[in-house]
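To begin, one chain is listed below as structure tokens, in the form predicted alone.
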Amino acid sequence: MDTKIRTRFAPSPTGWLHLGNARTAIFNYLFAKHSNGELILRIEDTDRERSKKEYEEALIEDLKWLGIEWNEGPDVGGPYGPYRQSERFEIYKKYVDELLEKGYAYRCFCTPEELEVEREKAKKEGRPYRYSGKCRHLTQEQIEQYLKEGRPYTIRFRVPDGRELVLNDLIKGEVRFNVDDFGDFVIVRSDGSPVYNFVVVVDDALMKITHVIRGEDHLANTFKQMLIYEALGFPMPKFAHLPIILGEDRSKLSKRHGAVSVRQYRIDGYLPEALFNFLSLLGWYPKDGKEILSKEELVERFDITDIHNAPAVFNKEKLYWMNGVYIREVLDIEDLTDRVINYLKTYKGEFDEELQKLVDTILSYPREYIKTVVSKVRDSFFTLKEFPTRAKPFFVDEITLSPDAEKHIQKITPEVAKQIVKLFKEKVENLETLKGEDFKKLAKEVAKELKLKPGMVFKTLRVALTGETQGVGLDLLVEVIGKERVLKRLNSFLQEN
């Protein structure tokens, strides 16, 4: 008997990959890889109206960007394909027929209007609605007559009365459920398309899935699926239902908490390693308490029994911090430089018009110069999207004063500002080259000679060299742009102010 662990991630291509689904994919991946097992990607596209090919392509692209690899799927094939549900309808038909033949399912000819009457009655009586089961008792003659008349029908699974199911969930422990709570449920719609709770069982069984790891919103569905496994004689996989993800205010996660799609985080300049790392820690935590972990370290440490049953809390600030750690400490400078350049080329259109011009200017510089700038400012940006703004003084010599810079000049008076800049310029002109330590030394000399506070001098020189009152260390800036460009900016300031 084949005991290899096989998990699957089975998204619906009805929208962008959202964070909850991405977390589910990551946990399936970590569990499979930790167990030397296999991960299968299956596309659940039975929703004909909402499923779109472009969403499927985007899902696959975003999963690969995150660093998730699978052993079988629609793009790589495998022994248990097809891996799109829309291509498996003939397979499903065989098992529908089997359930009908064995009496585990039956045709339901109830019209939507009749079902609505049942729902209204349940509502008036203050009880949860469940189908009355009246088509359970149709004779073969009645069924044949209805079919002859061309009446539309659904196919329902015949739920045994009074049965209590017990699920030993790998995360939630023992969960019990009385099947009387949901009644006979539809497994094939009136248009002939099979329903999720049916096809997922057939797919998981035929693809030899050993562990089904998914969100706890699927828990109620699991009991319906257990009945189908039994009826078809399929071996039951082990189930693990992941805790829900909440916002920091403990309400349902939404866009206002930062729960946008994986694609949006890509556009916003987040690194795949940081997002993978962050999502791995939503509901699970390594025993050694280490938080910044590579994919390989996460695979090694992952233990499904350590996943918490309590809801996980999404903290966007922590993700932002973690992304900054990857930029500052994890990526080597060559890799980070390539990421910055590729990001700017790919997502230039996401910036406003002014920043697009800045991006064009940055990309016009040689890679080695960009690398030098990245190395100097990597401590000051947390996402790739922030790089152009943080690095602007290294690339743009035409300085425009910001409103804060203008206020500073007016506060100390333009005359004093010119005195500071003129004296500093004269000192720079006397040097052969301008190093970072030279800048601090000269600025202190200016303060002493003009009897001004060093802070005022430093701030004024920042305004003259960058047009801003805060930003990158000026010693770092002058060393990179060099003496000639420093003098050019100082001269421009003196001429224009």
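Note that the structure is a prediction, hence the values are computed from the model and not measured. Residue numbers run from 1 along the displayed sequence.
The following text describes the form predicted in complex with the RNA, which does not appear among the structures shown.
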{"item": "Options 202-210, 410-418, 150-158, 341-349; stretch whose heavy atom lies within 4.5 Å of the RNA in the predicted bound form", "value": "150-158"}
{"item": "The RNA in the predicted bound form: contacted by all of 189, 440 and 474, heavy atom 4.5 Å", "value": "yes"}
{"item": "Close approach of residue 44 to the RNA in the predicted bound form, 4.5 Å, heavy atom", "value": "yes"}
{"item": "Touches the RNA in the predicted bound form: residue 33 (any heavy atom, 4.5 Å)", "value": "no"}
{"item": "Touches the RNA in the predicted bound form: residue 400 (any heavy atom, 4.5 Å)", "value": "no"}
{"item": "Interface membership of residue 328, the RNA in the predicted bound form, 4.5 Å heavy atom rule", "value": "yes"}
{"item": "Contact residue in the predicted bound form, chosen from 390, 84, 371, 93 - any heavy atom within 4.5 Å of the RNA", "value": "390"}
{"item": "Of 103, 233, 77, 112, the one that lies within 4.5 Å of the RNA in the predicted bound form (heavy atoms)", "value": "112"}
{"item": "Contacts with the RNA in the predicted bound form - residues in 263-291 whose heavy atoms fall within 4.5 Å", "value": "281, 282, 283, 284, 285, 291"}
